[in-house]
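A single chain comes next, written as structure tokens; it is the form predicted alone.
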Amino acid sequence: MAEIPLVVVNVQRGGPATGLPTKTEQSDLFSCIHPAHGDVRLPVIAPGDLEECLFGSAKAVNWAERYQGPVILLSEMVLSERTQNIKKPDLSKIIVENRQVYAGENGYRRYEAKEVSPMPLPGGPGAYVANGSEHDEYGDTTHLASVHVHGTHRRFGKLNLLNDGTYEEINPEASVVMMPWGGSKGPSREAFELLRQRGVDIGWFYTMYLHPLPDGALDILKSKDLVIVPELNYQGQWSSLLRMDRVKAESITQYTGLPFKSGLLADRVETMIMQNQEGKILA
């Protein structure tokens, strides 16, 4: 509501409460995308390996500055305690986006634009306000219906500035795809390769940019007969969010505190594909 750039890093462990503090889980996605009362949906970046932790962190900072609000970097125990050899990162790929700073005169209307406006800084030109209540273009509290409608459209409209993420797609012609997220990327990719060796016609779709999805990604996912989501939680959180966007998604869940084993995951995916062909799921 105050539109202040912020990056929050959430390293997921088994829950709820103290739960399984030394085990891994992917069960905070609901609370990260919808972390507050009211109409709220925050940007979430969920790296899948250590290289993505580096570049995802940089992107999270840029996103926060670009859309002037909080961004969640969603990690997990299997990443935070992992030792992994990666290629030397090409730091030239990290572009630092500078904040738009207001340099005009007093009386600046901080919240007037449909998306974002240059930010006044404390002590600099313009009136600096950070109001957590609904507010007019100057930042003064108001409960007028028209102002709340404008503010709601502004806060959701800003998310359209963040659809520049990337995605990886393999065998795009397949009508059934695997779409893991976060630390389940590695075991899922190995399971995918095993299925391909068995002759299973299955595609692969992966991105660490969960919300908002990269430009064009949602249309691809909505075109599939089935999107299979391996994830380490009980509720099938990512597939639930995808179904909200009219994607035919179903989860393969595990909540033991341990990562997937690729061979067992491949078997479960193959069984789900057979059940889908028989019309036993997504009826």
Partner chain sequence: MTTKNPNYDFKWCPGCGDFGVRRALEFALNARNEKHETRMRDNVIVAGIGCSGNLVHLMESDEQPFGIHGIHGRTLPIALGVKSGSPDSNVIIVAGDGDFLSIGMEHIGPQAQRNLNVTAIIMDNGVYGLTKGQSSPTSTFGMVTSSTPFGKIETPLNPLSFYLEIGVSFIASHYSSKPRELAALIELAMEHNGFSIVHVQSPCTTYNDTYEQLKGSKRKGIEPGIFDLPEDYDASDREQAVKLIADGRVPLGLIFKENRPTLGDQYKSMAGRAPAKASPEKILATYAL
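Quick caveat, the model's predicted, so the values are computed rather than measured. Positions refer to the first chain, counted from 1.
Same protein, other form: the form predicted in complex with its partner chain, not shown, and the subject of what follows.
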| query | If we take heavy atoms and a 4.5 Å cut-off, which stretch out of 186-194, 127-135, 207-215, 151-159 is in contact with its partner chain in the predicted bound form? | reply | 127-135
| note | As a check of understanding, the residue in I170, V101, I86, V200 with any heavy atom within 4.5 Å of its partner chain in the predicted bound form should be identified as I86
| task | Using the partner position in the predicted bound form, report whether A113 sits within 4.5 Å of its partner chain, counting heavy atoms only. | result | no
| request: Flag L91 as yes or no: does it have a non-hydrogen atom within 4.5 angstroms of any non-hydrogen atom of its partner chain in the predicted bound form? | output: yes
| query | Does the 4.5 Å heavy atom contact test between S175 and its partner chain in the predicted bound form come out positive? | reply | no
| Does G139 reach its partner chain in the predicted bound form, with heavy atoms at most 4.5 Å apart? | yes
| Neighbours of its partner chain in the predicted bound form among 1-21 [non-hydrogen atom within 4.5 angstroms] | I4
